[in-house]
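Shown below, as C-alpha coordinates, is a lone chain in the form predicted on its own; questions about how it binds or moves come after it.
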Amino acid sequence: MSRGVSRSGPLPERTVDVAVVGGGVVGAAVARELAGRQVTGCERDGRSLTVALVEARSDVGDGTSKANTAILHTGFDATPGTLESRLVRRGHELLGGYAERAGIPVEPTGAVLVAWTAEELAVLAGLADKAVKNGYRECEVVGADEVYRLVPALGPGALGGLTVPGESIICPWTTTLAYATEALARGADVLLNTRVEGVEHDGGEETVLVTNRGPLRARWVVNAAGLGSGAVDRMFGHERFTVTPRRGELLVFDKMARPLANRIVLPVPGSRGKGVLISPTIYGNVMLGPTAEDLRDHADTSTSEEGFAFLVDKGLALMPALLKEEVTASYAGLRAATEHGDYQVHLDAAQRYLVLGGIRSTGLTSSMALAEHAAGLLAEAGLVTSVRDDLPDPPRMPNIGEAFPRPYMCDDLIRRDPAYGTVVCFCERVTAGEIRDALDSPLPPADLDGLRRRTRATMGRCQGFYCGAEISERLARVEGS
(Lines give C-alpha, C1' and ligand atoms only; values in the text may rest on other atoms or scores of the structure.)
Protein backbone atom coordinates (compact mmCIF):
# COMPACT_ATOMS: atom_id res chain seq x y z
CA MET A 1 0.00 0.00 0.00
CA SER A 2 1.47 3.32 -0.97
CA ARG A 3 1.74 5.84 1.81
CA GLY A 4 -0.63 8.77 1.77
CA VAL A 5 -4.32 9.54 1.43
CA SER A 6 -6.64 6.91 -0.02
CA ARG A 7 -10.32 7.58 -0.70
CA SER A 8 -11.46 4.85 -3.09
CA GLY A 9 -10.74 1.42 -4.47
CA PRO A 10 -9.88 -1.83 -2.70
CA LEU A 11 -7.25 -1.76 0.03
CA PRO A 12 -4.07 -3.49 -1.14
CA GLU A 13 -2.91 -6.32 1.09
CA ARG A 14 -0.58 -5.08 3.78
CA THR A 15 -0.14 -5.47 7.52
CA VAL A 16 0.29 -2.29 9.55
CA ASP A 17 1.59 -2.14 13.09
CA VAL A 18 -1.36 -0.07 14.30
CA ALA A 19 -4.74 0.66 12.78
CA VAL A 20 -6.44 3.66 14.39
CA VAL A 21 -10.19 3.48 13.80
CA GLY A 22 -11.78 6.93 13.70
CA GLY A 23 -10.46 10.05 12.02
CA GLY A 24 -11.80 12.61 14.45
CA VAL A 25 -9.62 14.83 16.62
CA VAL A 26 -8.71 11.98 19.01
CA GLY A 27 -7.99 9.40 16.32
CA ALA A 28 -5.94 11.89 14.30
CA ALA A 29 -3.95 12.81 17.42
CA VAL A 30 -3.26 9.13 18.14
CA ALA A 31 -2.17 8.50 14.53
CA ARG A 32 0.17 11.50 14.69
CA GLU A 33 1.68 10.34 17.97
CA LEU A 34 2.23 6.71 16.92
CA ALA A 35 3.51 7.60 13.45
CA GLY A 36 6.29 9.54 15.18
CA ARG A 37 7.54 6.47 17.04
CA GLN A 38 9.82 3.52 16.36
CA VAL A 39 9.76 0.00 17.73
CA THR A 40 12.27 -0.81 20.45
CA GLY A 41 13.28 -3.95 22.32
CA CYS A 42 12.36 -6.60 19.73
CA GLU A 43 13.47 -8.03 16.40
CA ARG A 44 12.03 -4.96 14.65
CA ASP A 45 14.06 -2.62 16.88
CA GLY A 46 14.56 0.83 15.35
CA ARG A 47 11.92 0.43 12.65
CA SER A 48 9.30 3.16 12.41
CA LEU A 49 5.78 2.12 13.34
CA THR A 50 3.48 1.71 10.37
CA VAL A 51 0.16 3.36 11.10
CA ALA A 52 -3.16 3.57 9.26
CA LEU A 53 -5.83 6.10 10.24
CA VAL A 54 -9.16 4.56 9.22
CA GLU A 55 -12.13 6.90 8.76
CA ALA A 56 -15.62 5.97 7.51
CA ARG A 57 -16.33 9.43 6.10
CA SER A 58 -14.71 11.25 3.20
CA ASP A 59 -12.65 13.58 5.39
CA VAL A 60 -11.01 13.70 8.79
CA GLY A 61 -12.87 15.60 11.48
CA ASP A 62 -16.19 15.25 9.65
CA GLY A 63 -18.14 13.77 12.58
CA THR A 64 -18.39 14.96 16.16
CA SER A 65 -15.13 16.90 15.92
CA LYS A 66 -16.41 19.43 13.39
CA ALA A 67 -19.26 20.54 15.68
CA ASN A 68 -17.28 20.91 18.89
CA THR A 69 -17.93 24.01 20.99
CA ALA A 70 -14.29 24.88 20.26
CA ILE A 71 -13.12 25.74 23.77
CA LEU A 72 -9.61 24.94 24.96
CA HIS A 73 -10.55 23.93 28.49
CA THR A 74 -8.50 24.33 31.65
CA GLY A 75 -10.36 21.40 33.19
CA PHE A 76 -11.38 23.50 36.19
CA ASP A 77 -14.81 21.84 36.44
CA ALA A 78 -13.91 18.22 35.68
CA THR A 79 -14.56 15.57 38.32
CA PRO A 80 -11.37 15.44 40.41
CA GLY A 81 -9.49 12.17 40.27
CA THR A 82 -10.94 11.05 36.95
CA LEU A 83 -8.94 10.18 33.88
CA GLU A 84 -10.74 13.00 32.08
CA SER A 85 -9.56 15.52 34.67
CA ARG A 86 -5.95 14.43 34.36
CA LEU A 87 -5.92 14.29 30.58
CA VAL A 88 -7.74 17.60 30.08
CA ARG A 89 -5.20 19.33 32.30
CA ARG A 90 -2.29 17.71 30.43
CA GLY A 91 -3.96 18.25 27.07
CA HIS A 92 -4.43 21.97 27.75
CA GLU A 93 -0.68 22.25 28.16
CA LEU A 94 0.21 20.09 25.16
CA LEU A 95 -2.29 21.53 22.69
CA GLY A 96 -1.56 25.09 23.74
CA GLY A 97 2.10 24.62 22.84
CA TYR A 98 1.37 22.66 19.67
CA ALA A 99 -1.11 25.25 18.42
CA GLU A 100 1.57 27.91 18.59
CA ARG A 101 4.03 25.79 16.62
CA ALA A 102 1.52 24.63 14.01
CA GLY A 103 -0.31 27.92 13.56
CA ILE A 104 -3.64 26.72 14.93
CA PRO A 105 -5.57 29.87 15.89
CA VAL A 106 -6.17 30.22 19.64
CA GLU A 107 -7.54 33.25 21.51
CA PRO A 108 -7.11 33.39 25.30
CA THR A 109 -10.43 35.08 26.00
CA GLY A 110 -10.98 33.83 29.52
CA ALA A 111 -14.40 32.86 30.84
CA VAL A 112 -16.85 33.78 33.55
CA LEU A 113 -19.31 31.30 35.03
CA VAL A 114 -22.48 33.20 35.93
CA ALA A 115 -24.87 32.41 38.79
CA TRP A 116 -28.45 33.53 38.22
CA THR A 117 -30.10 32.03 41.32
CA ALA A 118 -29.28 31.85 45.02
CA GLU A 119 -28.74 28.10 44.64
CA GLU A 120 -26.21 28.63 41.85
CA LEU A 121 -24.51 31.40 43.80
CA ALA A 122 -24.07 29.08 46.76
CA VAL A 123 -22.10 26.52 44.75
CA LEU A 124 -19.52 28.91 43.30
CA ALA A 125 -17.10 28.54 46.20
CA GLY A 126 -17.32 24.77 45.85
CA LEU A 127 -16.55 25.04 42.15
CA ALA A 128 -13.48 27.15 42.96
CA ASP A 129 -12.34 24.46 45.40
CA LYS A 130 -13.01 21.82 42.75
CA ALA A 131 -10.80 23.75 40.33
CA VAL A 132 -7.95 23.66 42.86
CA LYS A 133 -8.36 19.90 43.21
CA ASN A 134 -8.06 19.71 39.44
CA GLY A 135 -4.78 21.62 39.56
CA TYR A 136 -6.19 24.95 38.42
CA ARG A 137 -5.76 27.78 40.95
CA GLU A 138 -6.74 30.89 38.99
CA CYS A 139 -10.51 30.86 39.57
CA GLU A 140 -12.00 33.65 41.66
CA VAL A 141 -15.49 34.12 43.02
CA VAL A 142 -16.71 37.64 42.16
CA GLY A 143 -19.80 39.72 42.81
CA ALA A 144 -22.43 40.92 40.37
CA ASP A 145 -20.68 44.24 39.76
CA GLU A 146 -17.56 42.50 38.53
CA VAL A 147 -19.58 40.12 36.37
CA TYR A 148 -21.20 43.06 34.60
CA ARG A 149 -17.87 44.82 34.27
CA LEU A 150 -16.50 41.77 32.49
CA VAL A 151 -19.59 41.24 30.31
CA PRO A 152 -21.66 44.45 30.23
CA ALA A 153 -24.22 43.03 27.77
CA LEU A 154 -25.45 40.34 30.13
CA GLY A 155 -29.15 40.39 30.91
CA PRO A 156 -30.40 41.58 34.28
CA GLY A 157 -30.40 39.34 37.33
CA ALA A 158 -26.88 37.95 37.58
CA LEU A 159 -25.96 37.50 41.25
CA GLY A 160 -22.28 36.70 40.97
CA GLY A 161 -19.77 34.65 39.09
CA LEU A 162 -16.62 32.60 38.96
CA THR A 163 -13.81 33.79 36.70
CA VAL A 164 -11.72 31.29 34.74
CA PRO A 165 -9.01 33.38 33.07
CA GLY A 166 -7.25 30.42 31.44
CA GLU A 167 -10.10 29.35 29.14
CA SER A 168 -9.51 29.96 25.43
CA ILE A 169 -11.23 29.48 22.09
CA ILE A 170 -9.58 27.42 19.37
CA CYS A 171 -10.25 26.20 15.83
CA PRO A 172 -11.32 22.53 16.04
CA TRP A 173 -11.17 22.08 12.28
CA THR A 174 -7.56 23.19 11.94
CA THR A 175 -6.56 21.11 14.98
CA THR A 176 -7.80 17.83 13.52
CA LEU A 177 -6.40 18.68 10.11
CA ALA A 178 -2.99 19.56 11.60
CA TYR A 179 -2.78 16.24 13.41
CA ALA A 180 -3.71 14.25 10.31
CA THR A 181 -1.38 16.28 8.08
CA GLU A 182 1.51 15.66 10.45
CA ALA A 183 0.64 11.97 10.68
CA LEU A 184 0.93 11.84 6.89
CA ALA A 185 4.28 13.63 6.97
CA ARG A 186 5.48 11.08 9.51
CA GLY A 187 4.56 8.22 7.17
CA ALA A 188 1.03 7.21 8.17
CA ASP A 189 -1.71 6.22 5.75
CA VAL A 190 -5.05 8.02 5.91
CA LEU A 191 -7.77 5.70 4.63
CA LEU A 192 -10.97 7.64 4.02
CA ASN A 193 -14.38 6.28 3.05
CA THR A 194 -13.28 3.15 4.89
CA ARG A 195 -15.95 1.81 7.23
CA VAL A 196 -15.11 -0.99 9.66
CA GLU A 197 -17.87 -3.61 9.41
CA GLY A 198 -16.40 -6.50 11.33
CA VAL A 199 -13.39 -7.98 13.07
CA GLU A 200 -11.68 -11.30 12.44
CA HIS A 201 -8.74 -12.92 14.22
CA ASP A 202 -6.36 -15.16 12.33
CA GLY A 203 -5.16 -16.99 15.43
CA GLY A 204 -1.80 -15.27 15.32
CA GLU A 205 -0.61 -11.77 16.13
CA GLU A 206 -2.82 -9.98 13.64
CA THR A 207 -6.38 -8.67 13.57
CA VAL A 208 -8.26 -8.38 10.31
CA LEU A 209 -10.54 -5.36 10.12
CA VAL A 210 -13.29 -6.14 7.65
CA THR A 211 -14.11 -2.92 5.81
CA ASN A 212 -16.28 -1.84 2.89
CA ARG A 213 -13.05 -1.55 0.88
CA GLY A 214 -11.70 -4.94 1.78
CA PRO A 215 -9.63 -6.37 4.65
CA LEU A 216 -7.04 -4.40 6.59
CA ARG A 217 -4.58 -6.39 8.69
CA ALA A 218 -3.09 -4.85 11.82
CA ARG A 219 -0.93 -6.07 14.69
CA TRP A 220 -2.64 -3.64 17.05
CA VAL A 221 -5.94 -1.77 16.87
CA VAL A 222 -6.87 1.49 18.59
CA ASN A 223 -10.59 2.24 18.64
CA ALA A 224 -11.15 6.01 18.59
CA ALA A 225 -14.38 5.84 16.62
CA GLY A 226 -16.35 8.38 18.65
CA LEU A 227 -20.05 7.74 18.17
CA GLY A 228 -19.14 4.35 16.71
CA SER A 229 -16.71 3.38 19.46
CA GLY A 230 -19.27 1.24 21.30
CA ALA A 231 -20.16 -0.67 18.14
CA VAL A 232 -16.50 -1.36 17.33
CA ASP A 233 -15.92 -2.41 20.95
CA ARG A 234 -18.69 -4.98 20.58
CA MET A 235 -17.01 -6.31 17.43
CA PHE A 236 -14.13 -7.25 19.73
CA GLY A 237 -16.56 -9.06 22.02
CA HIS A 238 -17.01 -6.47 24.77
CA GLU A 239 -20.09 -4.91 26.39
CA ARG A 240 -18.45 -2.18 28.47
CA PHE A 241 -20.40 0.93 27.55
CA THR A 242 -23.19 2.16 25.33
CA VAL A 243 -22.80 5.34 23.31
CA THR A 244 -25.91 7.49 23.25
CA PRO A 245 -25.80 10.32 20.69
CA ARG A 246 -26.46 13.57 22.55
CA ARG A 247 -27.50 16.24 20.08
CA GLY A 248 -26.40 19.78 20.75
CA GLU A 249 -27.90 22.52 18.62
CA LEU A 250 -26.24 25.91 18.36
CA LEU A 251 -26.93 29.32 16.87
CA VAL A 252 -24.15 31.35 15.27
CA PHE A 253 -24.53 35.13 15.22
CA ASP A 254 -23.04 37.58 12.76
CA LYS A 255 -19.65 39.20 13.39
CA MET A 256 -21.41 42.45 14.30
CA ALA A 257 -22.35 40.72 17.56
CA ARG A 258 -18.78 40.00 18.60
CA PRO A 259 -18.32 43.12 20.82
CA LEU A 260 -21.15 41.82 23.01
CA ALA A 261 -19.21 38.69 23.97
CA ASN A 262 -15.52 39.29 24.46
CA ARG A 263 -15.18 36.22 26.68
CA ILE A 264 -16.89 32.88 27.23
CA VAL A 265 -20.03 33.06 29.40
CA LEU A 266 -20.63 29.73 31.14
CA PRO A 267 -23.62 28.53 33.14
CA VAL A 268 -23.36 26.67 36.42
CA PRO A 269 -23.06 23.05 35.19
CA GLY A 270 -25.87 20.58 35.77
CA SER A 271 -26.29 16.82 35.65
CA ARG A 272 -26.68 16.73 31.84
CA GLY A 273 -23.65 18.78 31.03
CA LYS A 274 -22.39 22.31 31.10
CA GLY A 275 -25.62 23.84 29.82
CA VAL A 276 -26.10 26.72 27.40
CA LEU A 277 -23.15 29.05 26.98
CA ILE A 278 -22.36 32.16 25.01
CA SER A 279 -18.97 32.14 23.39
CA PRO A 280 -17.02 34.13 20.85
CA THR A 281 -15.63 31.98 18.05
CA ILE A 282 -12.21 32.01 16.50
CA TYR A 283 -13.88 33.10 13.24
CA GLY A 284 -15.23 36.34 14.71
CA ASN A 285 -18.80 35.24 15.39
CA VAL A 286 -20.71 34.59 18.61
CA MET A 287 -22.14 31.18 19.42
CA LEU A 288 -25.15 30.35 21.62
CA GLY A 289 -25.76 26.77 22.74
CA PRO A 290 -25.70 23.84 22.90
CA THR A 291 -28.92 22.04 23.70
CA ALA A 292 -28.66 18.50 25.10
CA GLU A 293 -31.04 15.91 23.65
CA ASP A 294 -30.40 12.16 23.75
CA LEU A 295 -31.21 10.42 20.47
CA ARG A 296 -31.14 6.92 19.02
CA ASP A 297 -29.98 7.90 15.55
CA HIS A 298 -26.19 8.14 15.44
CA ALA A 299 -26.34 10.33 12.33
CA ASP A 300 -29.12 12.81 13.13
CA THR A 301 -27.46 16.22 13.04
CA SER A 302 -30.60 18.04 11.96
CA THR A 303 -31.72 21.17 13.76
CA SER A 304 -35.21 21.47 15.20
CA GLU A 305 -37.87 24.08 15.82
CA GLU A 306 -37.90 23.08 19.49
CA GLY A 307 -34.15 23.50 19.80
CA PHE A 308 -34.27 26.90 18.14
CA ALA A 309 -37.04 28.07 20.49
CA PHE A 310 -35.17 26.78 23.53
CA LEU A 311 -32.01 28.64 22.57
CA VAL A 312 -33.91 31.85 21.84
CA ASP A 313 -35.50 31.72 25.29
CA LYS A 314 -32.14 31.08 26.93
CA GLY A 315 -30.49 33.81 24.90
CA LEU A 316 -33.12 36.38 25.79
CA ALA A 317 -32.45 35.74 29.46
CA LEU A 318 -28.67 35.55 29.21
CA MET A 319 -27.99 38.41 26.80
CA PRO A 320 -31.03 40.13 25.27
CA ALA A 321 -28.90 42.36 23.02
CA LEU A 322 -27.46 39.28 21.32
CA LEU A 323 -30.90 38.23 20.07
CA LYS A 324 -31.21 41.53 18.24
CA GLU A 325 -28.26 40.55 16.02
CA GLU A 326 -28.54 38.46 12.87
CA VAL A 327 -28.20 34.70 13.04
CA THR A 328 -25.71 33.63 10.38
CA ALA A 329 -26.11 29.88 10.79
CA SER A 330 -27.49 27.13 12.97
CA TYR A 331 -26.09 23.63 13.27
CA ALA A 332 -26.12 20.57 15.46
CA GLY A 333 -23.44 18.19 16.63
CA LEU A 334 -23.60 14.81 18.36
CA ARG A 335 -21.58 14.06 21.47
CA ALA A 336 -20.64 10.50 22.41
CA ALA A 337 -22.39 10.29 25.78
CA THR A 338 -22.23 7.06 27.81
CA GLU A 339 -23.72 5.81 31.05
CA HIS A 340 -20.37 6.40 32.76
CA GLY A 341 -19.00 9.61 34.27
CA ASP A 342 -15.52 9.30 32.80
CA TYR A 343 -13.69 8.47 29.61
CA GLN A 344 -13.93 4.78 28.73
CA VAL A 345 -10.33 3.77 28.09
CA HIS A 346 -9.77 0.00 28.18
CA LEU A 347 -6.83 -2.11 27.06
CA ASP A 348 -7.06 -5.79 26.12
CA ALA A 349 -3.46 -6.93 25.83
CA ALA A 350 -4.37 -10.43 24.63
CA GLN A 351 -6.37 -8.98 21.73
CA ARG A 352 -3.80 -6.23 21.14
CA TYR A 353 -6.69 -3.81 21.31
CA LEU A 354 -7.25 -0.43 22.96
CA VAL A 355 -10.51 1.51 23.08
CA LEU A 356 -10.75 5.25 23.70
CA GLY A 357 -14.51 5.60 24.13
CA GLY A 358 -16.94 8.01 25.71
CA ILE A 359 -14.74 10.97 24.83
CA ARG A 360 -17.04 13.93 25.20
CA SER A 361 -16.63 17.58 24.20
CA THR A 362 -13.44 17.86 26.27
CA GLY A 363 -11.81 15.48 23.79
CA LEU A 364 -10.57 18.41 21.71
CA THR A 365 -8.57 19.73 24.65
CA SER A 366 -7.39 16.31 25.84
CA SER A 367 -6.61 14.92 22.36
CA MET A 368 -2.81 15.10 22.56
CA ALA A 369 -2.84 13.82 26.14
CA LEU A 370 -5.08 10.92 25.10
CA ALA A 371 -2.60 10.09 22.34
CA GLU A 372 0.30 10.21 24.80
CA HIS A 373 -1.67 8.04 27.24
CA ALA A 374 -2.51 5.56 24.47
CA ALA A 375 1.15 5.16 23.55
CA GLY A 376 1.96 4.47 27.20
CA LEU A 377 -0.78 1.84 27.54
CA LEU A 378 0.33 0.10 24.35
CA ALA A 379 3.89 0.02 25.69
CA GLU A 380 2.66 -1.66 28.87
CA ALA A 381 0.94 -4.28 26.71
CA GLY A 382 4.05 -5.01 24.66
CA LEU A 383 4.23 -2.41 21.88
CA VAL A 384 7.30 -0.70 23.27
CA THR A 385 8.30 2.38 21.30
CA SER A 386 10.44 5.47 21.47
CA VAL A 387 10.14 8.81 19.72
CA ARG A 388 11.99 8.92 16.42
CA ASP A 389 14.87 11.37 16.05
CA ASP A 390 14.14 12.12 12.37
CA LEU A 391 10.73 13.74 12.71
CA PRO A 392 9.76 16.54 10.33
CA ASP A 393 8.73 19.89 11.76
CA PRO A 394 5.02 20.31 12.48
CA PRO A 395 3.02 21.62 9.54
CA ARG A 396 2.34 25.34 9.50
CA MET A 397 -1.40 25.48 9.00
CA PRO A 398 -3.19 28.24 7.08
CA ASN A 399 -4.71 30.76 9.45
CA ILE A 400 -8.50 31.02 9.37
CA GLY A 401 -8.78 32.87 12.69
CA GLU A 402 -10.23 36.38 12.58
CA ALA A 403 -7.87 37.78 15.23
CA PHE A 404 -4.75 36.99 13.21
CA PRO A 405 -3.49 38.30 9.84
CA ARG A 406 -5.36 36.78 6.93
CA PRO A 407 -3.81 36.63 3.43
CA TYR A 408 -5.98 39.44 2.01
CA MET A 409 -4.43 41.75 4.64
CA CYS A 410 -0.77 40.93 3.84
CA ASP A 411 0.65 43.23 1.17
CA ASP A 412 4.00 41.43 0.98
CA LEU A 413 2.24 38.11 0.42
CA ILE A 414 0.03 39.58 -2.27
CA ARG A 415 3.05 41.10 -4.04
CA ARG A 416 4.64 37.65 -4.22
CA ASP A 417 1.41 35.95 -5.28
CA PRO A 418 -1.52 38.09 -6.49
CA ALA A 419 -3.92 35.17 -5.92
CA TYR A 420 -3.87 36.12 -2.23
CA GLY A 421 -5.28 39.50 -3.18
CA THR A 422 -8.12 38.06 -5.25
CA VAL A 423 -11.09 37.73 -2.90
CA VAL A 424 -13.57 35.04 -3.90
CA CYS A 425 -15.74 34.78 -0.76
CA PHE A 426 -16.39 38.39 0.26
CA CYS A 427 -18.25 37.71 3.51
CA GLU A 428 -15.28 35.80 4.95
CA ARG A 429 -12.57 37.46 2.81
CA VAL A 430 -11.35 34.12 1.43
CA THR A 431 -8.96 34.48 -1.48
CA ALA A 432 -8.28 32.45 -4.58
CA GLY A 433 -4.83 31.65 -3.19
CA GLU A 434 -6.27 30.10 -0.05
CA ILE A 435 -8.70 27.96 -2.02
CA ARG A 436 -5.92 26.84 -4.35
CA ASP A 437 -3.69 25.96 -1.39
CA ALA A 438 -6.43 23.93 0.28
CA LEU A 439 -7.11 21.98 -2.90
CA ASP A 440 -3.37 21.35 -3.35
CA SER A 441 -2.69 20.43 0.28
CA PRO A 442 -1.44 16.99 1.45
CA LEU A 443 -4.95 16.24 2.72
CA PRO A 444 -7.27 18.07 0.32
CA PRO A 445 -11.01 18.44 0.87
CA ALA A 446 -13.33 15.92 -0.71
CA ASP A 447 -16.28 18.28 -0.99
CA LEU A 448 -17.53 21.79 -0.31
CA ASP A 449 -17.94 21.14 3.41
CA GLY A 450 -14.31 20.10 3.64
CA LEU A 451 -13.25 23.24 1.79
CA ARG A 452 -15.31 25.36 4.20
CA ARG A 453 -13.47 23.86 7.16
CA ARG A 454 -10.13 24.66 5.59
CA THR A 455 -10.80 28.19 4.38
CA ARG A 456 -14.12 29.53 5.84
CA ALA A 457 -15.43 29.94 2.28
CA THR A 458 -19.27 30.17 2.16
CA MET A 459 -19.45 30.40 5.98
CA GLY A 460 -20.39 34.07 6.08
CA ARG A 461 -23.55 36.12 6.15
CA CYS A 462 -24.73 35.11 2.68
CA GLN A 463 -23.89 31.41 3.26
CA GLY A 464 -22.44 31.03 -0.22
CA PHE A 465 -25.21 32.83 -2.14
CA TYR A 466 -22.70 34.98 -4.04
CA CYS A 467 -19.55 32.86 -4.07
CA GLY A 468 -20.94 29.31 -3.93
CA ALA A 469 -21.08 28.73 -7.68
CA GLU A 470 -17.51 29.89 -8.32
CA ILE A 471 -16.12 27.92 -5.39
CA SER A 472 -18.00 24.79 -6.45
CA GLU A 473 -16.61 25.22 -9.95
CA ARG A 474 -13.05 25.44 -8.62
CA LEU A 475 -13.63 22.32 -6.55
CA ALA A 476 -15.13 20.48 -9.51
CA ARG A 477 -12.12 21.34 -11.72
CA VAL A 478 -9.83 19.65 -9.22
CA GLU A 479 -12.09 16.61 -8.85
CA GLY A 480 -12.21 16.23 -12.62
CA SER A 481 -8.47 16.58 -13.18
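Since this is a predicted model, take the numbers as computed values, not measurements. Residue positions are given as counts along the sequence shown, with the first one as 1.
Only in words, not in the display: the form predicted in complex with a small molecule, which the text now covers.
Novice: Please tell me which of 285, 194, 174, 85 lies within 4.5 Å of the small molecule in the predicted complex, judged by heavy atoms.
Specialist: Residue within 4.5 Å of the partner: 194.
Novice: Only one of 131, 276, 334, 322 has a non-hydrogen atom within 4.5 angstroms of the small molecule in the predicted complex; which is it?
Specialist: For this set of options, the contacting one is 334.
Novice: Tell me, yes or no, whether residue 71 is in contact with the small molecule in the predicted complex, where a contact means a heavy atom of each within 4.5 Å.
Specialist: Judged by the heavy-atom cut-off of 4.5 Å, residue 71 is in contact with the small molecule in the predicted complex.
Novice: Does residue 232 make contact with the small molecule in the predicted complex, using a 4.5 Å heavy atom cut-off?
Specialist: Close contact exists here: in the predicted complex, residue 232 approaches the small molecule to within 4.5 Å, heavy atoms only.
Novice: Is residue 89 near the small molecule? Define near as a heavy atom within 4.5 Å, in the predicted complex.
Specialist: No, residue 89 stays farther than 4.5 Å from the small molecule in the predicted complex.
Novice: In the predicted complex, does residue 49 come within 4.5 Å of the small molecule, counting heavy atoms only?
Specialist: No - in the predicted complex, heavy atoms of residue 49 and the small molecule never come within 4.5 Å of each other.
Novice: State yes only if every one of 67, 226 and 359 has a non-hydrogen atom within 4.5 Å of the small molecule in the predicted complex; otherwise state no.
Specialist: Judged in the predicted complex, 67, 226 and 359 all sit within 4.5 Å of the small molecule.
Novice: Quick check for you: of 7 to 15, 20 to 28, 454 to 462, 467 to 475, which stretch puts a non-hydrogen atom within 4.5 Å of the small molecule in the predicted complex?
Specialist: Looking at the partner contacts, the answer comes out as 20 to 28.
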